[in-house]
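So this first bit is one chain, no partners, the form predicted on its own, shown in structure tokens.
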């Protein structure tokens, strides 16, 4: 079932001549984990803003085409209504955190919706448990580490119970280990709750192993849309501003050097498996 449908989408910001997006067409199935990559300024963040209605409702400009998320037309649906269907997690968690405690931050959007107090309590507890941050409930968000803050920001989105979550480079302020742990949690939450996740990320090496699909956006256009493995086998990632994961690069060299090396590996586990096969054949 298609949960995101983008048809002939183009957008040019007010006061700018060059389009940020040009004739974008994209369909995403329910439950997918889609990685969106590409060079800075290529249109990735603008595409995210179109999915949650910020473009064109908040960011003005010339807009054409159609964006439907969970059956709602993003440019015509009020943002506060759309936020209950598509959640947004930004690069800097400080942009989403402002209350005196973690629990209050998660409850705030629910209170704005006027939900009954008992339902608010239930949703907050579910979000805290899902992100494994129950022990942080009474802490100030601004006393937490970057990884903890991002977990709180995601929890506040999950409490809205959206069916789609869009994440715009959520690991920009995290160290590699924290980023890896966050991606693992995101994937576990997606599987547990049946969510659809769209992840814009420059750390392709950490995210690509969990993605069901890779979408590369450059110069405002989609230049690749398909399996991550195929992209790295058939394209030169550097030409499109996509980082070349080290494990992929090494496995490509191994395939060229050894006939017995069977595939391009997109994560360390696959690489280890190929090495074990190779050792078994010696």
Partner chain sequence: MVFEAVHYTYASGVEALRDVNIEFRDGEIVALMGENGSGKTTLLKHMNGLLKPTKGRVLVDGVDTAKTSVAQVSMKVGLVFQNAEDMFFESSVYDEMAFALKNFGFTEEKIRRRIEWALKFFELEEYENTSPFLLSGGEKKRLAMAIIMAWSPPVICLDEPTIGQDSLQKEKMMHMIKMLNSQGRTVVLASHDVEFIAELKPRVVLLSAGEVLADGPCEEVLTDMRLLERASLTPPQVVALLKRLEDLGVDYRVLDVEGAVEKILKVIRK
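What you see is a predicted model; the values in this text were computed from it and never measured. Residue numbers count along the first chain shown, from 1.
As for the form predicted together with the partner chain, it is not shown, yet the points below apply to it.
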| property | result |
| --- | --- |
| Heavy atom within 4.5 Å of the partner chain in the predicted complex - the one residue of 175, 125, 188, 73 that qualifies | 175 |
| Contact stretch among 216-224, 249-257, 49-57, 22-30 - heavy atom within 4.5 Å of the partner chain in the predicted complex | 249-257 |
| Heavy atom of each of 203, 276 and 279 within 4.5 Å of the partner chain in the predicted complex | yes |
| Residue 43 within 4.5 Å of the partner chain in the predicted complex, heavy atoms | no |
| Interface membership of residue 91, the partner chain in the predicted complex, 4.5 Å heavy atom rule | yes |
| Contact of residue 242 with the partner chain in the predicted complex (heavy atom, 4.5 Å) | yes |
| Partner proximity in the predicted complex: residue 61 to the partner chain, non-hydrogen atom cutoff 4.5 Å | no |
